[in-house]
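A lone chain, given as structure tokens: the form predicted alone.
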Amino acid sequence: MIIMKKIVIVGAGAGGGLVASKIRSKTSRDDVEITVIDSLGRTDFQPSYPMVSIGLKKPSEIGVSFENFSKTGIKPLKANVTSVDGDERVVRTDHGDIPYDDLVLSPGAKVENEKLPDSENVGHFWDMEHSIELKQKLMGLREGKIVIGVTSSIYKCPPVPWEMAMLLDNMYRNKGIREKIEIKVVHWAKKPMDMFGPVISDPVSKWMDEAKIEGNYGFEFNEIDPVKKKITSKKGDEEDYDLAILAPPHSVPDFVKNSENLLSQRGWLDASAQNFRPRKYEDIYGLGDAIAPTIGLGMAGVFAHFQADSVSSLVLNDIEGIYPPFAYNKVGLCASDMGSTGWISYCDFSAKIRDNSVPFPDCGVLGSGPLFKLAHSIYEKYFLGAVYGGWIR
């Protein structure tokens, strides 16, 4: 008697969603049962959240219901994971317990919205709901100062504060009111995108200067006062604003935080860059934003995308015993729409993952200019199609 293998995947995004589709494409529905658990019940192309907030994209254009998984024989379960019992091989949710033979954890990072003040002058675009709310605030602003910043060193999509600044510059120029709108980036980096080295930082700094987008760099966020409309740094520097766009603090999901067997020493999901397993278990894999701080990466969907290649191959090897593991591609590729221009850049993080004292990843620019704006939309469609095997609507 052949016993059906049960694969459970937490998260329907760039990591978990792709793992599910890749495993499904290589296995029979009669032999392998795949269940995807997701609290939102959809997959969003998160790099397009800024586009939603400035009205260039509708939510329906960048998000797909994960019910589409059922068309390829994957079971979708909209639920919140409450805990993982790695010894009993059970995922516990608010909709019941789900047993597994192999478990893939790609829950993303928890965006702590409650740590930003509920104010008409404060917003963000790090999730869909708040991107929609921010759109109303941006469209109503006719003059004043917009400050874009982050509340901690860890947040999704490290380049996005500068991308958003460029998008806003272009939007308000098209409206004919750019001279009435001041745009400023406040950030802990020493200069725009300094964490990626001069190959990336120098051209972005030039674009900021040409667009007259100011910056306050080396600014480590401490607190925000929504009444006085001021942001204060840890050194006591202040920035006033009419509208503050701030990345809320990010943290690991509670079910990981509450499990000493899943939590790394850095306070995130435990995983190795070699085999993506936590230290204790051989049948659990982690990838995506939840492991990024553990292995020394920033949070970006492209990292989860390449990690999905490796994780799916490892799970397939567990199932079949003969599937060759796929080496982890440690390159990050970024297709950016920055308003009046666009670019495609890349960074190889191999050396930095091996040795965190390496100052910069090995980065380069494949091309830039107005034509490269299209790369962002092309990748958006490719990503959603890759997750759902073509069933993207």
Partner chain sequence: MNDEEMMDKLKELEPTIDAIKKLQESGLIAALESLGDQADLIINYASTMEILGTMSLLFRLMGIADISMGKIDQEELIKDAKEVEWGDLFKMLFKILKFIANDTKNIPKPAGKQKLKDALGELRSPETEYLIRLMSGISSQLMKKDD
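Numbering follows the first chain given and starts at 1. Please read all numbers here as calculations on a predicted model, not as lab measurements.
Only in words, not in the display: the form predicted together with its partner chain, which the text now covers.
In plain terms, the part of the chain that comes close to its partner chain in the model of the complex, with a heavy atom within 4.5 Å, is 360-368 out of 53-61, 335-343, 360-368, 37-45. Judged against its partner chain in the model of the complex with a 4.5 angstroms heavy atom cut-off, the residues Tyr155, Trp162 and Trp207 are out of contact without exception. Contact annotation: Ile353 falls outside 4.5 Å of its partner chain in the model of the complex, judged by heavy atom distances. Its partner chain is not shown here, and in the model of the complex it never comes within 4.5 Å of any heavy atom of His376. Taking the partner from the other structure, its partner chain in the model of the complex has a heavy atom within 4.5 Å of a heavy atom of Cys347. When its partner chain is considered in the model of the complex, Asp309 lines it closely, a heavy atom lying within 4.5 Å. Residues are counted as partner-facing when one of their heavy atoms sits within 4.5 Å of its partner chain in the model of the complex; in 255-280 not one qualifies.
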